[in-house]
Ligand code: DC
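Below, in structure tokens: the form predicted on its own, a single chain.
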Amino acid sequence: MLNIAIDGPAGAGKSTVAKAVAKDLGIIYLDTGAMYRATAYYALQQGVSVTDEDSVKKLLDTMSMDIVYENGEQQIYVNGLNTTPYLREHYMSKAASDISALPPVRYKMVELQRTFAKTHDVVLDGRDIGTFVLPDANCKFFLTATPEERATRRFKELKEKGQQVDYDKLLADIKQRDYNDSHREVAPLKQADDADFVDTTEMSIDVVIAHIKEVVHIKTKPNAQTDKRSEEKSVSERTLKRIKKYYLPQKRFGVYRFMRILLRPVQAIFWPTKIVNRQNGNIDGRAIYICNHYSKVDSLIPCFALFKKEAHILGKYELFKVPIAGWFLHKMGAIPVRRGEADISAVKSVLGVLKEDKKLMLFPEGTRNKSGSQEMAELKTGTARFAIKTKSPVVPMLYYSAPRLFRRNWLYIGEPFTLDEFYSARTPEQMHMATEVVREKMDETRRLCNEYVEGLKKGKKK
């Protein structure tokens, strides 16, 4: 079953987006918020206070809820009463927030939602879908926006319906609901660790929908699922369990420091490389170092030259399958990543490293340049995404040519830069624009590198 979880505070656009995504994908949209509203409405109709846990619990014992679809629209019947027409009244938001904070209500609704999701391809939206209701959902998202923006949207929506509302009261209600939802004892509002964060403040609904559909496509495309199943059949359970540990960034770097002392002189003899502008790589705190990639040895040179105490570098997942090689790479600070798919474990590890103010090295092309040319392949968006998510500076580095035995080479370190103009970016289009900036910086570094090396060569000829 395809289960998509969309969480976030009130007014972030969850319901609108969830309905559109479900429609475009041809699956069911289950309005979880409406389920709580329906329960609150029924309680009020029965004269039961939505904050009285004991009374509400007794009500639940005699309450039945049926979710049906009539003409493609969800209708919620409580004890035979169609509550749907009354669920979007202004007073229902506060009532739903109050009643949803009661543990008996939460458990009752979660039971209904889980049962439904087991037998349907479905999109669910709410406050705790990805963290509590469906923790194993295929795709998770966390939508948000500033309280002011959410109040403005709600104000316009109610005005269009002809209702007279006070903006300041709406804003106060939203802030209070945010507090209630995030501080309740059972399943509070929070972002799941593996959820895609989307700030909709300055995004149109169409852009948000397009972004979510793109992520769902990447995570659920048939080839990725088939390849993963085939791989897991060919790799032992023991190996998979071991590789899972490798996703946790290395904490102790005794092996790395020893091997650095041991191998640095060897590297200097066999692959002599001059580091140009070493000072550009001396950054205090977190930073992302990006470099072109020719061979299996060229990743060690910048590591040994710039990272004296510890190193963190992304390496392809396949290298970790061999027990000895996987153990060695892990001890050297490498993090496995599955290329060509959304590797949530790798993303979490990378973000964890950068949020701890450490340095990370990766290859923005995503693979080796086996042709040996100076021309780089198309850059992946990973560099931009990590730099934006963690607000990390990026250090561009380029080898003048592919490292060769006993042949002098140069590693040119360009000027560090940030993508601060994209820190609010969330859409695929913005990420591609940010990646173009990364590409431009790498192209500029290539130009400076060539000028430097070719200037040296001309000077020697003279």
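The first residue of the shown sequence is 1; numbering continues from there. All values reported here derive from a predicted model rather than from experimental measurement.
Below, we refer to the form predicted in complex with the ligand, which is not included among the displayed structures.
- For the options His330, Arg177, Lys359, Arg385, the one in contact with the ligand in the predicted bound form, meaning a heavy atom within 4.5 Å, is Arg177.
- A heavy atom within 4.5 Å of the ligand in the predicted bound form is found for exactly one of His211, His293, Arg106, Arg260: Arg106.
- Proximity of Ser97 to the ligand in the predicted bound form: non-hydrogen atoms within 4.5 Å are present.
- Tyr41 falls outside the set of residues with a heavy atom inside 4.5 Å of the ligand in the predicted bound form.
- The shortest heavy atom separation between His312 and the ligand in the predicted bound form exceeds 4.5 Å.
- Interface residue remark: Asp298 is not counted as part of the site for the ligand in the predicted bound form, having no heavy atom within 4.5 Å.
- Shown alone, this chain has one stretch from 58 to 66, 33 to 41, 432 to 440, 393 to 401 that lies within 4.5 Å of the ligand in the predicted bound form by heavy atoms: 33 to 41.
- Contacts between 116 to 142 and the ligand, taken as any heavy atom within 4.5 Å in the predicted bound form, involve Gly126, Arg127, Asp128, Ile129.
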